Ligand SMILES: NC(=O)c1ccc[n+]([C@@H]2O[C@H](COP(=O)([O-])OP(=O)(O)OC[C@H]3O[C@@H](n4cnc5c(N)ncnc54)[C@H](OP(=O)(O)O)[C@@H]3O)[C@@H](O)[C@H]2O)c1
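Encoded as structure tokens, the following chain is the form predicted alone, with no partner shown.
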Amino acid sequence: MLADRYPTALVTGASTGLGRAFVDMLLNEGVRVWGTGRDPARLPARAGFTPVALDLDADSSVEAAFQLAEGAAGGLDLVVNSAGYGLYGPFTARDFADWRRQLEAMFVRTLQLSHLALRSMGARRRGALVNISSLAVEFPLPFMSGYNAAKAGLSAFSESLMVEVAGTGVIVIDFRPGDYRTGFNQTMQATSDTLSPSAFPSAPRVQHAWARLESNLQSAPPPARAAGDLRRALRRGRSGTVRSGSFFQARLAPWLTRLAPAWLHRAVTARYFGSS
């Protein structure tokens, strides 16, 4: 059971999607979980679970949420940074303030929480930090430039930490999920408000790419598969990068991409999403 190695955990973005699946998996493994969300009322009501309010738009909220969970747990053995959101549309069609807000929430605040977690774990010489990145690091999605940038930065950050924590008793996992059957697109559509054909000149291309994204999610595996991949990674007890998703996305496509030249990769992506 994971509880033998990680008795306590903090999971951000625990209300829905992958974050909720991670919470369910950890609870089933006997781990006591503190899970965060903007609205604690939307968080699950289960034995062993404690809801925590967290707003990634505020530095003070990040520190307050961590200190609350850390104090109640008597030390956190596992922190899973899963909170985030998508913002869809052409880079120049949105105010730059929108992209800045997304990067601060998904990248800067995640680094802030990681800093708090690693200081505590390092002092106790045990623990695991899991940063939920994305396969978008390797396959950037059109019209999601802020999301791609945040996830690419997060993976590079995790990679540097893996070297820094070597030999300390702490591990860092860069977890890169592909498409999963969650409500991610529905939340993104409500947040973005950029799918109207009159919103910008490139609307047909944006609409076609959106339809591709929707189709991919509808045929994607359930989030429980990602939770299973994370469980196996935590059981191994070592730092590293974990790709999770369908066989094509998580296994075959990364291998093929390493063999293909960059220009071919871009051409295939542009044609697939109708953005050429």
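We number the residues from 1 along the sequence you see. Keep in mind the model is a prediction, meaning the values are calculated, not measured.
Beyond the structure shown, there is the form predicted in complex with the named molecule, which is absent from this document and is the topic of what follows.
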property	result
Residue stretch of 68 to 76, 158 to 166, 131 to 139, 112 to 120 approaching the named molecule in the predicted complex, non-hydrogen atom distance within 4.5 Å	131 to 139
Residues Pro90, Ser145 and Asn148 all lining the named molecule in the predicted complex, heavy atom within 4.5 Å	no
Heavy atom of Ala211 within 4.5 Å of the named molecule in the predicted complex	no
Contact label in the predicted complex: Arg42 to the named molecule, heavy atom within 4.5 Å	yes
Residue contact check: Arg251 to the named molecule in the predicted complex, 4.5 Å heavy atom	no
Proximity of Trp99 to the named molecule in the predicted complex, heavy atoms at 4.5 Å	no
Within 70 to 85, the residues that have a heavy atom no more than 4.5 Å from the named molecule in the predicted complex	Ser82, Ala83, Gly84, Tyr85
